[in-house]
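Only one chain is included here, represented as structure tokens and corresponding to the form predicted alone.
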């Protein structure tokens, strides 16, 4: 594996850095307070090809690799400290890839172009009010009714519920088959009759909505079935490999921005006649956090490389390796990033607690990836334990 960027990757990263500095940073406070990502931000993302960027060009995407998408996620996490834009980005990237890979041709042609243009939203719906990763408790059901599937149930703690209702689009939705012996993975348009939306009030990531979707006899055309009937769980887990990698990358971008802010501050803030950075108590903390961020960053880059090399090519022989690396970065990146922001806030002292400095945006946004978004920390530990010790050591049946 070559750790060096080629000229194309360098130019791509520089373009994204400029976008983050000039566009995202200029809007991050506004989108946090207004509760919506401004149209000019989404329009510029669409112009740059960032929306659902792994989707092939014939469906409106740029056909990006997982490594290119990981680089973009990192820069977007750095640019918008609130993490809201990163959530919008990574959902469409990870699940757009799954729809392009396993969806019907009719669904690809219909759904993906407006998503790539920033006109529609595409998300994921697996979590329910009774739990997220405990699929044995899943109550949302679907069954065949001629040329349709009929969906009943409820999903909760989903990102983009308001965006999908207002803009168009929907969520790839995991449902248990009526017989109970399998799962169907369906694209369910949020504007379909029988779908109702409830918005929750989060503590952070305010620029993108979080809420619940209820389904009452919702008819979903069979063209929206992703993959084979009864095998939906496999496609959902494949999508989470990508989404979790991009989550980790966005967290690393936020951590790098926090460190840059902190280093600039401790080099210039003087106490007792010398800069804060000359005190070992601060300097050693900086060294530790930098080393942690770098370690997770390159493991994250490795996860993206594994997606390109194996998972995105349909190579299941290396599934365990991919799962181990992805789970490890999703486990560590939010924790390292959150701890980095917390420490830098403390370097700033009282001013770090103010909205004027802006670190609290990252503090609130990153917490969402600590508590469960795209898989909670303990779920990542369960995955790692399963892959390291064997399935017989999974603590549930």
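Numbering follows the first chain given and starts at 1. Just so you know, these numbers come straight off a predicted model, no measurement behind them.
Another form, the form predicted in complex with a small molecule, is not on view; read the next lines as being about it.
Trainee: Would you mind picking the one in 184, 97, 205, 78 that has a heavy atom within 4.5 Å of the small molecule in the predicted complex?
Mentor: Looking at 184, 97, 205, 78 one by one, just 205 meets the 4.5 Å heavy-atom criterion.
Trainee: Considering non-hydrogen atoms and a 4.5 Å limit, which listed residue (104, 140, 210, 289) is close to the small molecule in the predicted complex?
Mentor: So the residue touching the small molecule in the predicted complex, by this definition, is 210.
Trainee: Which one of these stretches, 320-328, 152-160, 68-76, 268-276, sits within 4.5 Å of the small molecule in the predicted complex when only heavy atoms are counted?
Mentor: Of the options given, it is 152-160.
Trainee: Considering only heavy atoms, tell me if residue 248 and the small molecule come within 4.5 Å of each other in the predicted complex.
Mentor: Residue 248 lies outside the contact set for the small molecule.
Trainee: So, residue 16 and the small molecule: in the predicted complex, are they within 4.5 Å at any heavy atom pair?
Mentor: No, residue 16 stays farther than 4.5 Å from the small molecule in the predicted complex.
Trainee: Is there a heavy atom of residue 168 no more than 4.5 Å from a heavy atom of the small molecule in the predicted complex?
Mentor: Result no; residue 168 lies far from the small molecule in the predicted complex.
Trainee: Hey, in the predicted complex, does residue 372 get a heavy atom within 4.5 angstroms of the small molecule?
Mentor: Taking the distances in the predicted complex, the answer for residue 372 is yes, it comes within 4.5 Å of the small molecule.
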